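This document opens with one chain alone, in structure tokens, the form predicted on its own.
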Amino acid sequence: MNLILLLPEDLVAPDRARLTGRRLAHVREVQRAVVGKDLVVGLLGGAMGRGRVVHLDDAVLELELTLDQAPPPKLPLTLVVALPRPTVLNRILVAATSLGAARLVLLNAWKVEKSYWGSPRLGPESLREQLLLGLEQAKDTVLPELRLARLFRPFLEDDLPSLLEGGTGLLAHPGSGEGAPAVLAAPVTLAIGPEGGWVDAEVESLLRAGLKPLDLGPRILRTETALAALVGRLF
């Protein structure tokens, strides 16, 4: 946790916050804070700065706040990721958020098992928790926009055109032999398939919709590895 992320309900005054639970435990056990120590803090959706510890015991942490810094800018990036296995989903959410993507779309695909969509990890509270962890990791306060696209064709026809308008669309797919374009017009929409890859019909549909192929080489990568490698290459 590189940032103590404050929620609106943590504020007991405009310049004072009270924390319990996981964040209190982290401050006590990992940061080993004491009264008078300054911690890096940020208000969800707002400014960042420092929080001076004014009270700390086993039950509660109280901070005096000075929030005078803007959060880091988001990348002009929409990630369209075929819904991964539930055990991988949390890592994707944290990674996409910490990398600074402005928007994340979890998309259905032929090789996405139907059971994935019934996972409790897709519940609103579970999704939000992972996004918050990504913010804490990256020292950010602004959540990315998150969409769930359970139907491939309606997303392709109804949503993708507006995402691609005025920008660059890229389709990560092994074997295409295509590198990143020399010039990327922002915003960028990057589609990453399931670990088994897009099927041919999906590739053809995405290319017809305006995405350009992008190949990372002959190795087949895990989704979270491909995500980090692609964002690093493009930005």
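Don't overthink the numbering: it's just position in the shown sequence, from 1. Predicted model only: the values in this text are computed from it and were never measured.
The same protein also has a form predicted in complex with a further copy of the same chain, omitted here; what follows describes it.
- Residues of just one listed stretch (159 to 167, 70 to 78, 119 to 127, 146 to 154) have heavy atoms within 4.5 Å of a further copy of the same chain in the predicted bound form: 70 to 78.
- Against a further copy of the same chain in the predicted bound form, the set L99, R222 and T225 is in full contact: each member has a heavy atom within 4.5 Å.
- Using a 4.5 angstroms threshold between heavy atoms, P8 stays clear of a further copy of the same chain in the predicted bound form.
- Residue contact with a further copy of the same chain in the predicted bound form: R103 places no heavy atom within 4.5 Å of it.
- The closest non-hydrogen atom of N108 lies beyond 4.5 Å of a further copy of the same chain in the predicted bound form.
- Within 4.5 Å of any heavy atom of a further copy of the same chain in the predicted bound form lies no heavy atom of P14.
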